[in-house]
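For reference, the chain that follows is the form predicted alone, supplied as structure tokens.
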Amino acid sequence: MSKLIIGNLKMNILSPAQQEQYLNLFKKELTGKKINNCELILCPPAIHLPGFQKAKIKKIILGAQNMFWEEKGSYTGEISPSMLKNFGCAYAILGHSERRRYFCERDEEVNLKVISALKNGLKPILCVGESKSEKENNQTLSVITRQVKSALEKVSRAKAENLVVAYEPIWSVGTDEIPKSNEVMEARVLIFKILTGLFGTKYAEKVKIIYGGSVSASTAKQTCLDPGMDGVLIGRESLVPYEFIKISGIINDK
């Protein structure tokens, strides 16, 4: 099973010139690199999807940072799964902690998005994880259980192979506080147990469980390789092609 290396570029790359610079650097860093055991996925701001698609960077798969659950209609400012699919997206990040925090996304809305993504041939990257206060109050288990079960309600086990679950401890996102390998492994075991309860072992094994939260070249072993994760969701380091490819190489060569 190939590992997933996903770059969430968030609300960055502010101009066509910056887009061109980023894509040129990415192409340069990929030149001569043999990354055969990983899927490289980039999730730029939606406004940049046409440019990234046009660049046709070999080995790069496109993903979205968010989406709405309806196909089309009077939903000002939203982007539908069909739009994303038609602009080359194969994945969509859903339920990211920043969406939950700043835009008050509820579990029910994440569920609608997951169902819509699967219906339209997109692979959801479902983000789940606990805040610092929830961790300190021993609520990690209950929070992750609620988020996973709510997001995957009414999802059939036949769709399991198209699911990605990203364990994203909120207390680690954008900080230098990195979970220990055993903490990540415990989260992986918990998520797999929940998935087994929902789909059965055979289908739960098809779901890729990855780690997200302050991923860097220096933490890739601790947060991905040692805990046996199926890949990583990279934030700020994905803005530097050299770092993104370096992380990819470390995970690919394991």
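In this text the structure is predicted, and so the values were computed from the model without any measurement. All residue numbers are counted from 1 along the displayed sequence.
Although not depicted, the form predicted together with a small molecule is the subject of the following passage.
Asker: Identify, from the list L112, M83, V173, V155, the residue with a heavy atom within 4.5 Å of the small molecule in the model of the complex.
Answerer: None of the other options qualify; the answer is V173.
Asker: Consider G235 of the chain shown here, and say whether it contacts the small molecule in the model of the complex, taking contact as heavy atoms within 4.5 Å.
Answerer: Flag for G235 set to yes.
Asker: Is there a non-hydrogen atom of Q222 within 4.5 angstroms of a non-hydrogen atom of the small molecule in the model of the complex?
Answerer: Flag for Q222 set to no.
Asker: Does S214 make contact with the small molecule in the model of the complex, using a 4.5 Å heavy atom cut-off?
Answerer: Flag for S214 set to yes.
Asker: So in the model of the complex, does E98 come within 4.5 Å of the small molecule, heavy atom to heavy atom?
Answerer: Looking in the model of the complex, residue contacts with the small molecule include E98, since a heavy atom lies within 4.5 Å.
Asker: Could you tell me which stretch in 116-124, 138-146, 72-80, 164-172 has residues with non-hydrogen atoms within 4.5 Å of the small molecule in the model of the complex?
Answerer: That would be 164-172.
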